[in-house]
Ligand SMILES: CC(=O)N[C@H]1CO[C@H](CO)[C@@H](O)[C@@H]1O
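As a starting point, one isolated chain is supplied in C-alpha cells, in the form predicted alone.
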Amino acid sequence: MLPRVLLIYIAALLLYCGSTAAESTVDWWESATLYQIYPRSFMDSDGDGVGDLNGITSRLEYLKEIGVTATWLSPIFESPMADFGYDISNFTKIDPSFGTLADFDAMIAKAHKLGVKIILDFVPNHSSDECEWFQKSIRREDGYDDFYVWEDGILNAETDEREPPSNWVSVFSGPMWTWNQQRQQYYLHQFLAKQPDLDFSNPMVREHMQAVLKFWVNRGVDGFRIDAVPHIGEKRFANGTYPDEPVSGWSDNSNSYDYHNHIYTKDQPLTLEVVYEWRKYLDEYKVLHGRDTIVLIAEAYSSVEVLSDYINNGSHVGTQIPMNFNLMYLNGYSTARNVEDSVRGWMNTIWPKHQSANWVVGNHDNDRLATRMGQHKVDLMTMLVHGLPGTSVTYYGEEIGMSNVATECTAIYCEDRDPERTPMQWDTSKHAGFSTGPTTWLPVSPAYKLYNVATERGVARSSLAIFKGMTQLKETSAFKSFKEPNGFTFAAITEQVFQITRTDSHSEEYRILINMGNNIEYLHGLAKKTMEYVLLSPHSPHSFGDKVDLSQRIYLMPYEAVVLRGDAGSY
C-alpha cells in the first residue's frame, strides 16, 4: 500500500479540487488511465487454463483499486483462433472459450457499477475465412458477391494460368492475394490467408459493420479500439486493376512486408472516410441515448501527420485517440534526450492542433517493458506515461513489472508473440492465482512469487504502489489542468534527467524528475521554491514528506524517479 501520509494527502487534494473549471473542460477519455486486458491471460474462472469473461468480472475491483478509467479487451468474439481472435467468424457472438453474452452483460453491469468503462477491440478490416459472410461471398450469393476484395488476376500467356493481381505482400509475409478454387478468383488479405479483407467501397459492408457497433453500444460498451486501421482501404484504378507497390530498399526478401513501400495499401482516403462515418454515428448515438462520449481508439503505426488526420480533417471528426507508439521504440540504452525526442515527435504536431495526447509503452504484440528496457526502468516509465498530459495506456501486468516468458509458438502465425501474453500474476499460489486447473494455456513466469499483485500490495515502493500513486495524482487539479496555459512542461534537463511539471497555475505544482542513467545526476537551481517528496521509486534514498530546496544543488541516484509537490509560481 502507499504510505498513509500520501494517501491522506492525495485524498485531501481530491476533495479540494473536485470541481474546478479546468476539469469541466476535460472529457473522460482525455486524461484517462486505460488498461489493456488480453482475456485469455487475465483470469480463469472455470479451471480450464484459459482466461474468460467471468474471470475478468471477478477482478474488476482490482481495476478500480489501481485507478483504471477504462479497460480495453482484446477480441472476445467467435473465432477459429488462427490469430487468437483477430480472425472473427461472428462479430456479435462471444467465443465459447470466453463465456456467453449473459456473462458479458454481467461484466458490463458490474464494471459500470464500479465506475469502470469497457472498451472492445473492433476488427473491421477483415473477418475469418470461416465467417458466414465470406462463405456467402465465395458462393456469390446475392448481396455478398462483392463483400470482400475479389479479382480475376493477371493471365500469364505462357502458362495460361492466373497470377496475383499485383505484387502486394502481406503483413505476415508472402503474397497478399490467395486463389480460391471454388470461386475461381483471388481474394485480398493484408494479414493471414485465413483473414480475408472486407471491401469497404461496398455500402453494404459499411452497413454491416455499423450494425456491429450498434449491437455492442446497445449492450453498454463505452468505446472501441479499432484494429489495423491503416489497412482498411486499398488503391484501385478506375478500370478495376491494382497498381504494384515500389520497392522500399529496406529488405532484400521479396516476401517480406518491408520489401515494398506501401503507398497503395496503407492510409488511403477510403480509410479516413470510413472512420469519419463511425465517429459521426457514435456521436449521434451519444446524443440520442444520453451517453458519455463513446471513444474510438485507432491502432495505426503511421506518421504523426497521418494520425492527425485520423483525429480530424477539416469539418470531419474521426478518432479521439490514434495510438501513439513513439515511446515503444525506447530501449534499455535510451537517454532522457531520446525520451524528449519521442515525446516532442508527438506533441509538436498533434498537440497544437488537437490538444490531445496519449502514451503507449506496451501491448500484446511487443516485448514487455521489463524485457525491452530492463526491470530497473519499469517504474521510471510508469511515472513518465502517467506524468505526461493526456491518456496513458497500460498493458496488463506492466503495473507489477511482469516480463516476457519463454514459450512455444502456438498460433498458426506468430513471430512468437506469446512471451508477452502469459498469465497475469495475482499471488504466490499455484499458477500465480490465475487458474485452479492443472495447466495454463501459456506458462506462468518463474518469477511470479516476486512479481505479483498480492506481494506488491504490501510494499510502499513497489511497482504497483507507484502505479496507484500516479493514477491518484492524475485526479488532482494540477494534472487535470493540462489544457490551461503553462499547465505542463517537459524537457530533458540533462542528458539523462527528464523533467515534467504539472500545475493548475494558481495553487499547486508537481515536478516529476526521472534519471534514465546509471550515474548520480546533480541538478542546480531548478526553481526558487521548496517542494516535498510525495512519490518515490525504489532507487530513491529520500523519504516521503521530506522537503527539498530547488534553488540549491540536488541529486538523483541512478535510475531514481521522484514526484515533488509544492505551491505554484516562484520560479
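Residue numbers run from 1 along the displayed sequence. On a predicted model such as this, the values are computed, not experimentally measured, just so you know.
Missing here is the form predicted in complex with this ligand; even so, the following discussion is about that form.
You can rule out all but one of 368 to 376, 279 to 287, 122 to 130, 399 to 407: in the predicted bound form, only 122 to 130 has residues with a heavy atom within 4.5 Å of this ligand. Interface residue among Asp222, Glu234, Asp83, Glu420, judged by heavy atoms within 4.5 Å of this ligand in the predicted bound form: Asp83.
For the options Asp227, Asp267, Asp103, Glu484, the residue carrying a heavy atom within 4.5 angstroms of this ligand in the predicted bound form is Asp227. When contacts are defined as a non-hydrogen atom within 4.5 Å, none of Tyr35, Ser302 and Asn326 contacts this ligand in the predicted bound form. Residue contact check for Asn363: one or more of its heavy atoms lie within 4.5 Å of this ligand in the predicted bound form. In the predicted bound form, this ligand stays beyond 4.5 Å of every heavy atom belonging to Ser435.
In the predicted bound form, this ligand sits beyond 4.5 Å of every heavy atom of Ser137. In the predicted bound form, no heavy atom of Trp216 sits within 4.5 Å of this ligand. Residues in 262 to 293 all lack a heavy atom within 4.5 Å of this ligand in the predicted bound form.
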